[in-house]
Every structure is written in C-alpha cells, then in structure tokens.
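Below sits a lone chain in structure tokens, taken as the form predicted alone.
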C-alpha cells in the first residue's frame, strides 16, 4: 500500500522569521524519520509529502496514495489543523486521524468544552475574553487560569496564567492577547492531579490505552504543564501510569469526551482534577505528538508496555478498519501487532 506522510517540520520554517515558540507544535526531523522507518517496518510504502502547500502541489500534479498518515498541524488560523484533512477529502483520499470538523472544534478549547459539556462530560466553567476590560465577566471564584483559546503544546501557559485576583488577570490577559492575537479562555484553577489519557480507535471501538499522571519535578515552572516544562520534560516532569480510582475515572471521562467530539483512530485527552478529586476535561489533541521519546502519547504507551511500533501499528489498524482498507491482510496483521518489543 502506498502511504503519503503529511507533516509540518520545524526545519522547513526556520529562517522565515518565525520565533521558536511558533514552531513548537511542528515536528522534528527525528520524528519524521522515525515515523517513516516504522511505517515501512509495518509493510507500507511511504512517500514523504510535507505540509499543506506541498500536498496541494502534489495533488494538482496527479499524485495519489492509498491513504495518508497525517500529522500536519497547519500554520495559521484556528482551523489550521483541518486544512490537510479537508484537501484530502476533496480528492477522496482516506487518511489517518480525525476529520476537518473535529480538527477545528478541538483546536478551539471553548468550542470543545461546550460540546463535551452538552454530552454531560465534566468540565470546569469558563469564559472567553477578548480584552482586559472584560474581566468583570468572570463570575467564578479566584484563582483562575488563563490561556490562549486555540494553541497547543502548552503555548501561552506559564506560572503567570494562574491569577489570584482581577488585577493579575488583567495583566495576564494583556500579555496573552498581544502575544497570540486571539481570545483567551479563563476557567477556575483546578488544584488537583493532572492526567493525560491515550486512546486508540473510533466510536464504539475506541479504547483507553493508558492513563498517565503528570507531576512536576523540583526546578520546573511551578503549577502548570507549560510550554517550557514540556520542552524540557526529561528534567522537569515525572510521568507515571495511574491506575487508582481517580485515574480510572479520568480514563472514563476522557473516553466519553473523545467519543462525544467524534475523534478517530487515536488521540490524547488532557484532564485535571478539581478540589474534590473529580477529573475535569481540559482539552483533546486529535493529532497527538508522535516523537518516540518526547511526546506524551508514545511515553504513556511505553509505560503501558506498548512500544512505538505497536502504537503506530494500532493507529494504522484503526484507520484501515474504519476506511475499509483492511483488505490487505499482511499490512493489517503487522499493523495490529507491531514489531515485537
């Protein structure tokens, strides 16, 4: 099977004037190389495509693939993650991971929270603010937490995001609005444990891979799984499987949110518990990072005894089954099992 690989690689944008933080969601050359090598081990003929403009050029030139493994994040706009899936749908080419609608609504954290709330999934109250003058709209107790409404990889999340008063919130709002040029979502600060949940499959077939707890080490930016902490996770963050009652509840809540939003093939759901120990939905990443040792989804899979080949194999198998492309028995068998640990 001929498989296209779409992605945004950091090296492709360096030298364009973009600050390093703007490249945070993009992939390293190491990640793309590892993805290609692993997909080939699964028996797939991999063709590197790159970002959405490269994809458009290839499609116009007449290139086609049996399916596309898409991890492209997009560069601009709150619907940027939907660009590659939408273009592939226009050409009737199957692809791994969620469709354009899911990619759009999940990048906007407020839209995602409204949808999961309507499905009865626990999520903290929130407001979306577009100016510091709107601070009076916050009608829940302080401290609160403020972050850009449509960013990933912890961008915009720092210790200053936790605001103990309206005055602190105004200062943080001004900074975030100026830096990210988008509204800011504000919700109560949740003081409990932080979890991220890996999920593979679609609809009723979706299953929790594992629940991982995120704990900050001494020397980390305190109180927040921030961009800086994520970038230096090896020294700043302690990851561990969580299997107690609260963690199981986090897994159930994550799966309910994943299904409510219509995510496909695989993804990762972030939660944090309130003061009563009830996990609350924060956000979902329907195209989770896949660096083999640095990204949360491969890390939690590894903690659960699922190696990188097996993780990608399960993701590919979910796509093949969903799209009806599982006529290729050798590919399906390898994808379902992955390389032995």
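Numbering follows the first chain given and starts at 1. Given the structure is predicted, the values throughout are model-derived calculations rather than measurements.
Keep in mind that the form predicted together with a small molecule is not shown, yet the notes after this line are about it.
Only one of the listed residues (100, 94, 152, 74) places a non-hydrogen atom within 4.5 angstroms of the small molecule in the model of the complex, and that residue is 152.
Residue in contact with the small molecule in the model of the complex (any heavy atom within 4.5 Å), chosen from 38, 31, 70, 285: 285. Interface residue remark: residue 168 is not counted as part of the site for the small molecule in the model of the complex, having no heavy atom within 4.5 Å. At the 4.5 Å threshold, heavy atoms of residue 230 reach the small molecule in the model of the complex.
Under a 4.5 angstroms non-hydrogen atom cutoff, the small molecule in the model of the complex lacks residue 163 among its neighbouring residues. Put simply, residue 264 is far from the small molecule in the model of the complex: not one heavy atom of it is within 4.5 Å.
Proximity to the small molecule in the model of the complex, taken as heavy atoms within 4.5 Å, picks out 220 to 228 from the listed stretches 220 to 228, 84 to 92, 176 to 184, 253 to 261.
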